[in-house]
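Quick setup: one chain, the form predicted on its own, written in structure tokens, and binding and motion questions come after.
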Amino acid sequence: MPTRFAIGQQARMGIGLLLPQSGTYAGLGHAIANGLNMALAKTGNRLAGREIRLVVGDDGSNAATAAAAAQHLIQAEKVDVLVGAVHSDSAQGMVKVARDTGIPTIIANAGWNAATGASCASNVFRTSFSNWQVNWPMGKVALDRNYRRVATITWRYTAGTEMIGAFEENFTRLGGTIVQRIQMPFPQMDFAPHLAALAAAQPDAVMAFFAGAGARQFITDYAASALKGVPLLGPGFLTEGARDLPAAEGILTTLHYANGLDMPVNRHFRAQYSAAYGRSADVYAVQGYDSGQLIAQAVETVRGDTNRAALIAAMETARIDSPRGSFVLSKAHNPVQDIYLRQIRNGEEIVLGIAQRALADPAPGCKVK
């Protein structure tokens, strides 16, 4: 029988943080870690009387490395909760280990649809988004702006395929036409020949997904190409970390968070984050923060109990007061959340409105629903 702890007892609680430590997505991982640490600092780095022990592992931005690192965190480091990953392929490795071991696991970024779909599990939660969820609303947004012929471009990997696929599904369902599709090897950043091919298709707009350093390079190259003046659309990750670029002006995105959300919780969070880390918060920091909030709320609910079933049950009923707006979790453990329509204007991210309210991922194939 597992040891049980009550308020005031000192046994440390291990949180395994599985994030990229180098490469294209390292900056995203650092923001998630910062957000998580900020949430835990609110509790004095103790939960229900238990000191927090944070152990970091490298997800390697691939499934095999993430699976090995997750096993190490669980078996050698004896963590109680697992938090990660950034890359959808990494999430596949992490979720496999989570399903095999039963450890409570929180996906703090990766949008791999199946994590809360066909590969869902009672112990796997998400504080971020599904790739479907943040891109589906853009299909209607594009048509509402009379963009009837759209070309798409992304990296050829899980996130790229699923994000662009969700947009295409809704866009074509409503009567739009895809005039060109390009998928590049990840993480290739030689965009010029592909941009020429997109321009040749003469689209009304281009829908793109890239993130991190790749997004900055793509936006710069796009503005210097024959596509200059053709509206550029994407999920919000396209402009996270790139809104300072003059070339980003006018880009239209959909996402579950926006820097300029006029909410007390968001204003307070952003001020605290800036004071703590000397930089502006972004969606990745918010997701890390909300992962910490979910852990803290659940551990306090069970009074520090190490029983996994009790902790999981507490996570299922959580309501998170997030900088993105309050959200609950669906039966498949994915946030039910508003998706915002945003645009870069004069180097600032402007909230144009809500593209779709309280959007729940359909979670096809999930048997815990």
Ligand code: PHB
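Start at 1 and count along the sequence shown; that's the residue number. As the structure is a computational prediction, the values presented were derived from the model and not from experiment.
What comes next is about the form predicted together with the ligand, which is not displayed.
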Legend entry - the ligand: the contacting residue among Met94, Met163, Ile295, Ala108 in the model of the complex [heavy atom, 4.5 Å]: Met163
Legend entry - Selected contact from Ile153, Ile74, Leu232, Ala159, since only one has a non-hydrogen atom within 4.5 angstroms of the ligand in the model of the complex: Ala159
Inset, instruction - Select, from the options 79-87, 173-181, 95-103, 189-197, the stretch whose residues sit within 4.5 angstroms of the ligand in the model of the complex by heavy atom distance. - result: 79-87
Inset, instruction - Using the partner position in the model of the complex, report whether Tyr284 sits within 4.5 Å of the ligand, counting heavy atoms only. - result: yes
Legend entry - the ligand contact in the model of the complex: Asn131, any heavy atom under 4.5 Å: yes
Inset, instruction - Using a 4.5 Å heavy atom cut-off, state whether Met207 contacts the ligand in the model of the complex. - result: no
Inset, instruction - Tell me, yes or no, whether Ala115 is in contact with the ligand in the model of the complex, where a contact means a heavy atom of each within 4.5 Å. - result: no
Inset, instruction - Taking only heavy atoms into account, state which residues of 14-35 are within 4.5 Å of the ligand in the model of the complex, ordered by sequence. - result: Tyr25, Leu28
